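To begin, one chain is listed below as structure tokens, in the form predicted alone.
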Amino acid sequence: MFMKRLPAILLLAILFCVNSIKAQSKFGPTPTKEQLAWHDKEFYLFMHFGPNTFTDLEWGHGSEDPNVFNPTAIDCNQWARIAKAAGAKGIIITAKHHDGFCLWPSKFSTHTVRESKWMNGKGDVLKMLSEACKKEGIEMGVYISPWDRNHPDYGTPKYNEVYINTMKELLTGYGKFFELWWDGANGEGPNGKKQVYDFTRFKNAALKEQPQLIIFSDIGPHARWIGNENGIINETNWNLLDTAGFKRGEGAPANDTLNRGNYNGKNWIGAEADVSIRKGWFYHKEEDNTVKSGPTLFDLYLKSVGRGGNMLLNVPPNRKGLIDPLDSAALMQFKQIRDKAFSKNEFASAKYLKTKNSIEVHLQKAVPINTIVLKEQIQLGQRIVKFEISGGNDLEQFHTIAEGTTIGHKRIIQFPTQNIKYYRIKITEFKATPIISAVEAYNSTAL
């Protein structure tokens, strides 16, 4: 047993690694460097935009007149400025939704911005957004629906080549993307046929152009759907998933499995929680009264990022081509709540005591605390199964404050406000020697 003042992250790495040389070895599936960078992003925006914005549909039919797409005051710089101000690390845009309409003048479609009256057919939303993101220093991703309700080749083997060429256009013409998003929807095309997607070819073609991409689908290969669109990940969340026997877009593990991951999963596939700030995914004026408040968004943050996943929040531009003032106000309130909630780490100057599979934190005096943040060193694997937080003002009389399962990239634990000096974080069940990289504590008035 020993006690010493050291920077918290350095100290904790020492405390939990010193027990065993084996702790330094990777255990089970581990994330790639690209997946590690993706985990660190934590929160970014989704933006559904296209003909549906102007027709008040959620799934377009593919037969819409391209001229319906006519944003009168589009400003992608506004999108990027608001995203950055909200603390979002990037924007994923619906470059092509199920209706097949392309927000760029694709050579492989006749249903694009080129065929619309917007900017006399000379517009390119992808170019505008790419430039805006670079200007603001945030990243960009693209959603390209494999389903296409407009393209005449959809439902034939030829379409898979069309889709690959469509991806290549984006992946070679608009700079680097951090994520490629595949929807699992697969319906009939204009000829009444469904497509048999060749996702293996799609994946290989995409990674050949941009090997750093994180590809999202129901089962990855790099990030997974959580089985719901409510933005809520299970309190038990393994970044591990078994995908053998499943094909992307053609069936996946049960939704509760996607929500929790697999305890002994063979692949590292992190959980991404997608949710819309409004009732629908595209902007509809009549849904202005459904915009989620800052506190509601913060609650979803705690149930996604706070459970080891990432939060993908949809903020759809309106018919002007702007983020609506109602949505922007909610985003700013969300940011203010996050900043205030995590403004002062009460453990920053604490003393740490190491015992077997636990860390004691000794404060100089009792202070109100209702939130503890734990992080695992996931580059060496996800190891922790269960943990317990206890404490008190007497080292001989600790009481249980909270219990939980899994930590992963980040775990935010909330509990009734404690005004005590001593805390103990005990790992009660683990797969291999636990490695905690950070322990932080806050008094969050947002709770």
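All values reported here derive from a predicted model rather than from experimental measurement. Residue positions are given as counts along the sequence shown, with the first one as 1.
Keep in mind that the form predicted in complex with beta-L-fucopyranose (FUL) is missing from the display, and what follows is about it.
Peer 1: Taking heavy atoms only, is residue 281 within 4.5 angstroms of beta-L-fucopyranose (FUL) in the predicted complex?
Peer 2: Residue 281: contacts beta-L-fucopyranose (FUL) in the predicted complex.
Peer 1: Does any part of residue 301 reach within 4.5 Å of beta-L-fucopyranose (FUL) in the predicted complex? Heavy atoms only, please.
Peer 2: Result no; residue 301 lies far from beta-L-fucopyranose (FUL) in the predicted complex.
Peer 1: Any chance residue 295 has a heavy atom within 4.5 Å of beta-L-fucopyranose (FUL) in the predicted complex?
Peer 2: Flag for residue 295 set to no.
Peer 1: Under a 4.5 Å heavy atom criterion, is residue 274 part of the interface with beta-L-fucopyranose (FUL) in the predicted complex?
Peer 2: Yes, residue 274 is a contact residue.
Peer 1: Would you point out which of 325-333, 102-110, 180-188, 355-363 contains residues with a non-hydrogen atom within 4.5 Å of beta-L-fucopyranose (FUL) in the predicted complex?
Peer 2: Careful reading of the contacts points to 180-188.
Peer 1: Just to confirm, with a 4.5 Å cut-off on non-hydrogen atoms, which of 319, 375, 222, 98 contacts beta-L-fucopyranose (FUL) in the predicted complex?
Peer 2: Partner contact (heavy atom, 4.5 Å) among the options: 98.
Peer 1: Out of 59, 27, 54, 415, which one falls within 4.5 Å of beta-L-fucopyranose (FUL) in the predicted complex, going by heavy atoms?
Peer 2: The residue from 59, 27, 54, 415 that makes the contact is 59.
Peer 1: What residues in 138-176 sit within 4.5 Å of beta-L-fucopyranose (FUL) in the predicted complex, counting heavy atoms only?
Peer 2: Only a single residue, 143, comes within 4.5 Å of the partner.
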